[in-house]
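Before any questions on how it binds or moves, here is one chain, the form predicted alone, in structure tokens.
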Amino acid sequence: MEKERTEVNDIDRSIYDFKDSEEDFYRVKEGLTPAIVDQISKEKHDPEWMRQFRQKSLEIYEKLRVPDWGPDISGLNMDDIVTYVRPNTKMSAKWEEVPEDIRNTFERLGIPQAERESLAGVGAQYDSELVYHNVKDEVSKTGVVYTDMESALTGEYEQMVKDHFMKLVPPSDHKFAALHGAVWSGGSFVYVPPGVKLDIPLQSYFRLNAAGAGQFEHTLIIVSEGADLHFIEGCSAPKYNVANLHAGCVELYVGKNARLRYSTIENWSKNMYNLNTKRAICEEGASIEWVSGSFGSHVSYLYPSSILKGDDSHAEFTGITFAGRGQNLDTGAKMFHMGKNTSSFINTKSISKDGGISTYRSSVTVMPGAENAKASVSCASLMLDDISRSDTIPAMDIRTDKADIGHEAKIGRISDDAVFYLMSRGISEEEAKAMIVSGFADPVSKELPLEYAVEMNNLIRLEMKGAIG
């Protein structure tokens, strides 16, 4: 522990909360100051350019306003949020070396089992740090790089990180992007060499376990020309009676004729403010596919964006949102057409129950040079009672006559006849409604690997019972 003790002696002790001993300190204090940002940078062993980037992001954060549209986030007070929480362990490539209490948490979530059965590699983050990271040997031999962001930043991939980090999502984009730039910690770095096609997915799982804390992981994926990757992201947190914040960032670079599928299952607790930013850029002939299931958080602002820069590039977004009691989930997708013959497709489903509010918000932009662009938007809402709410807010900015654009929206309720039919076959009313909702969500679940589709259907059943809180 000598190295740990030296680090503690070197720091400004006033910005830390401690446990029982110096070696057991685990988090900076609440709030956000230049000193706290510098201390996070020191903890992460940042190169000087990243330390300066953090401080510049903090300056931008202090100048930008909180969004005045969408769900109310006045209950989020950054003075009460801890921006860095370090578990008392180091990252390991061996599961048995992860501390037992953390290992038990991830085992309940099925992480090691999924890794053994169907994944090419796994990263597991607990609060602000990755505690486990492992890639199968046969994947490493292809030249695929899958590591944590800090290792990429401070190792041989520093220049690649510098060339791409927050170039798609600049800190000036919005207030919480700037916050992320200042205090980001953890996350995944993936590089897939030209022509390499992975047959099984990589996965990162993020667990925010500390009360009153924020998680700010950064995911940077670079898929080179002609390569193919499926990346899965899972998120969860226990429920506390204080606000938690998730303001991560995902940047996806998809090279010429490459393909990337990015799947997410989010099961945040209902004290979480989920203000995540995700963006992809596609070169000529490239394809990005988003698959998203959102089942938690008190408030969400979540709109994965695709920039179709290259000619003949393509983007798809398939998502489902379940808003229950006390939830206001504002979700959707953005498509930005720049190249010729580009195409995009958005298919979303939302479910509202027990007074939950679900808002679908989309944006499709077709630039003047994007001739022969095609875009289709379909959103469907299912309301399970008369006290819930569902809204659709599509925006389309079409700047060329040579484009084919379509949009459809519909809203409905569970059919009493369908429930009666299932009940007549010996199925309970609760189970009948859960089956109908699962069928409604099928366009998303069928796009997921089997074990994740099962997880999503289980979450739907728990939501129907009001068991997720």
Partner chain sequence: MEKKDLKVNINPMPTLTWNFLKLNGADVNETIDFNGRGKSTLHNIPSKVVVSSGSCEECGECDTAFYEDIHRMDTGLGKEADGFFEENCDGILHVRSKKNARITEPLCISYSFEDRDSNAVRQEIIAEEGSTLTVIMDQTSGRKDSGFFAVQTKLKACRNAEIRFVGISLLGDGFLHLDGIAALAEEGARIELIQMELGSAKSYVGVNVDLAGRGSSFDGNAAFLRLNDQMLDMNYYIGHRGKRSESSLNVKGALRDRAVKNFRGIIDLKHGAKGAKGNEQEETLLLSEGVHNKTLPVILCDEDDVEGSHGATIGRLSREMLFYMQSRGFSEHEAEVLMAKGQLNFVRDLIGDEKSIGRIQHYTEEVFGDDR
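Residue numbers count along the first chain shown, from 1. Please read these numbers as outputs of a predicted model, since none were measured by experiment.
The form predicted together with its partner chain is left out here; the points below concern that form.
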* Can residue 403 be called a contact residue for its partner chain in the predicted complex at 4.5 Å between heavy atoms? -> yes
* Does any heavy atom of residue 140 come within 4.5 Å of a heavy atom of its partner chain in the predicted complex? -> no
* Asked: Does its partner chain come within 4.5 Å of any heavy atom of residue 395 in the predicted complex?
  -> yes
* For residue 73, is any heavy atom within 4.5 Å of its partner chain in the predicted complex, or not? -> no
* To do: Using heavy atoms only and a 4.5 Å cut-off, decide whether all three of 79, 246 and 297 touch its partner chain in the predicted complex.
  => no
* **Contact residue in the predicted complex, from 64, 422, 411, 35 (heavy atom within 4.5 Å of its partner chain)** => 411
* Structure fact -> Contact with its partner chain in the predicted complex, heavy atom within 4.5 Å, among 347, 388, 224, 263 goes to 388
* Asked: Counting only non-hydrogen atoms, which stretch in 250 to 258, 312 to 320, 377 to 385, 150 to 158 is within 4.5 Å of its partner chain in the predicted complex?
  -> 377 to 385
